[in-house]
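As structure tokens, one chain now follows by itself in the form predicted alone.
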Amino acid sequence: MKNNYAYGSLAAFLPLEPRLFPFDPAAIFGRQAPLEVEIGFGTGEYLVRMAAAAPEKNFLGFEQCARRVIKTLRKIHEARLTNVRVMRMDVVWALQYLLTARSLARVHCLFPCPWPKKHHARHRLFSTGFLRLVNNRLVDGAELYIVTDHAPYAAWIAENIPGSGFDLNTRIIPPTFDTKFERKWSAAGQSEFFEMALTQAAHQEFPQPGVYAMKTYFIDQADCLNVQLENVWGPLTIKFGEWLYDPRIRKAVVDAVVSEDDRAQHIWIVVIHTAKGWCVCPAGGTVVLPTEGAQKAIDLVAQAVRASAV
């Protein structure tokens, strides 16, 4: 029996860290080659087959489920592939902050979650705005390839094509990809799936958000028993959790939930006494997407620590 937590090798795993900004595929893969992306690679069957069938290309997959990432890493290791990397990251932020205009040769997405309930529709991925973002990241004339099992979702995607810069070709296809989810739907009796090939007709301009260096603060005086943090509400929302301070080791931590661009991330911020004063910075091991909101959360903690000594 296979150990579901055995990944074989971490060589194909890209942790989110400062060296990735800006994202340089040639440095990551050690060569210049067309780069293709899979959104939500699941347990990696399709991603691994693509990489094995096209060794002249590089492949980058995004998935948020840790167990699926582990299973995919095992498949990559067993196939001895060197032209594929995977990240555990929200693909919207990945496309916004990591990847740049005209950097992708193709984007694939098999069986995205259709969010079928009406009040969940806002979570659907392929809105006009997201399509414009994908369009911008594709090389001229390249393709976004989607397959869905859900007819209403296919219709919804088609409704979002106008204004995205894509031309759409659709067709009904039989089970083709032999992935976990396709096998699931096939076993349930579904024999028709909806293939959607979106070809870039007009390149869309899309602003590249700023990336921040995550400033570290050193503060001379502080009273960490008297720190008062204030939340921020609005398009940029920052909500602080409980302030935890241990006077024996002169160390405090606080959790900040940062919501911006309709996405959210949790950031642990540490305040610890050092020879240079009270240091305020992201906690060790914390994965932080270096956005304006993340930097603002650190700024607010530093301001509150500084004010505590007044």
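Values in this document were obtained by computation on a predicted structure and should not be read as measured data. Don't overthink the numbering: it's just position in the shown sequence, from 1.
Not on display, but discussed next: the form predicted in complex with a small molecule.
Contact annotation for the candidate site: 38, 89 and 180 all lie close to the small molecule in the predicted complex (heavy atom within 4.5 Å).
With the partner omitted here, the residue from 125, 99, 142, 238 that has a non-hydrogen atom within 4.5 angstroms of the small molecule in the predicted complex is 125. Distance criterion of 4.5 Å from any heavy atom to the small molecule in the predicted complex singles out 110 from the list 110, 222, 154, 133. The small molecule is not drawn, but in the predicted complex it has a heavy atom within 4.5 Å of residue 263. Of the heavy atoms in residue 32, none are within 4.5 Å of the small molecule in the predicted complex.
Although the partner is absent here, residue 278 is not a contact residue: none of its heavy atoms lies within 4.5 angstroms of the small molecule in the predicted complex. Within 4.5 Å of some heavy atom of the small molecule in the predicted complex lies at least one heavy atom of residue 64. Contact with the small molecule in the predicted complex, defined as any heavy atom within 4.5 Å, is confined among 200 to 208, 89 to 97, 213 to 221, 229 to 237 to 89 to 97.
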